[in-house]
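Here we start with a single chain on its own, the form predicted on its own, put down as structure tokens.
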């Protein structure tokens, strides 16, 4: 898929922008704090209806404005769909979103500095990454995840209020196990698809001999039935009652990332960790393309920084094989077939 054109009004530092990007690689160059990342955020917001930078809607409109609007045309083969979105400030100061829903084939994969937390952050960052990837493969993953979180919150409240009342807890334990194992199964499938592709991607970016492995880590081992989770919860019940928390389940799982047999989360250099984070995002492209029936749009924010010159060349070669890509960089980066734009003060012009 691709974006044919985009129009912004009062979005971040863009008072107004009308832009027709290239259908392939778009390089956005220019000094920092001029709007490169803001533009990527706008493209992602237009397609998905949410920001990849912040969950707070109030941060998105241009300072001092009462509303922001975005519109653009999404294309897949001969199919064209115009999408419009907006945010408006209500009387109580909150912001309300409005607009069209994107077609079910529309997908975006975004990379930014915050993705380094996938590798060197806590387990929650890796779970969020796996859930985001699983949602791009299976749209019904998000409702399952939200339901799981509601059940978890209810079960935790019961553990805190009635820690020794097995009768009250039992129905919620059964629901927790059923939905939890469904969630776990989807995560496992997502990680399996990721492993197949990241082995190729990382070797292409770093060196042909590099070996990387991602594994879904859970206290349940290879179990796939809800009964296994119920049994694990029963074994920890005394400790759960004492602490008022559910101690086993998908909310405690993690993603192991090994580079040449060593835990990259703890022992990888910053450059290795950054390249792994980028490789994880690029490894999403093929599975998402197969699931959606069309290639996703790639939004890569400063993806070349802190990388060796040879690795930068490999990254450029890899992303040129994708469909529509938007890459920000403080330097002018040229590549065969790339459209290069200069971003300055909320304006975008050919470089």
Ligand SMILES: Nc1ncnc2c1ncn2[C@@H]1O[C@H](COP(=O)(O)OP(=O)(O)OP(=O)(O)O)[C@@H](O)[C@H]1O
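Numbering follows the first chain given and starts at 1. Owing to the predicted nature of the structure, the values given are computational and were not obtained by experimental measurement.
Heads up, the form predicted in complex with the named molecule isn't pictured, but that's what we're talking about next.
Asker: Sort through 26 to 34, 42 to 50, 315 to 323, 289 to 297 and report the only stretch with a non-hydrogen atom within 4.5 Å of the named molecule in the predicted complex.
Answerer: Of the options given, it is 26 to 34.
Asker: With the cut-off set at 4.5 Å between non-hydrogen atoms, does residue 303 touch the named molecule in the predicted complex?
Answerer: Residue-level check for residue 303: no, no contact with the named molecule.
Asker: When the contact criterion is heavy atoms within 4.5 Å, does residue 13 count as touching the named molecule in the predicted complex?
Answerer: Residue-level check for residue 13: yes, a contact with the named molecule.
Asker: Should residue 282 be classed as touching the named molecule in the predicted complex when contacts are defined as heavy atoms within 4.5 Å?
Answerer: Output for residue 282 is no: heavy atoms all beyond 4.5 Å of the named molecule.
Asker: My question is simply whether residue 308 lines the interface with the named molecule in the predicted complex - judged by any non-hydrogen atom within 4.5 Å.
Answerer: The answer is no: residue 308 has no heavy atom within 4.5 Å of the named molecule.
Asker: Only counting heavy atoms and a 4.5 Å limit, does any residue of 50 to 77 reach the named molecule in the predicted complex, and if so which ones?
Answerer: The stretch 50 to 77, when checked against the named molecule in the predicted complex, contributes 53, 59, 60, 61, 62, 63 at the 4.5 Å heavy-atom cut-off.
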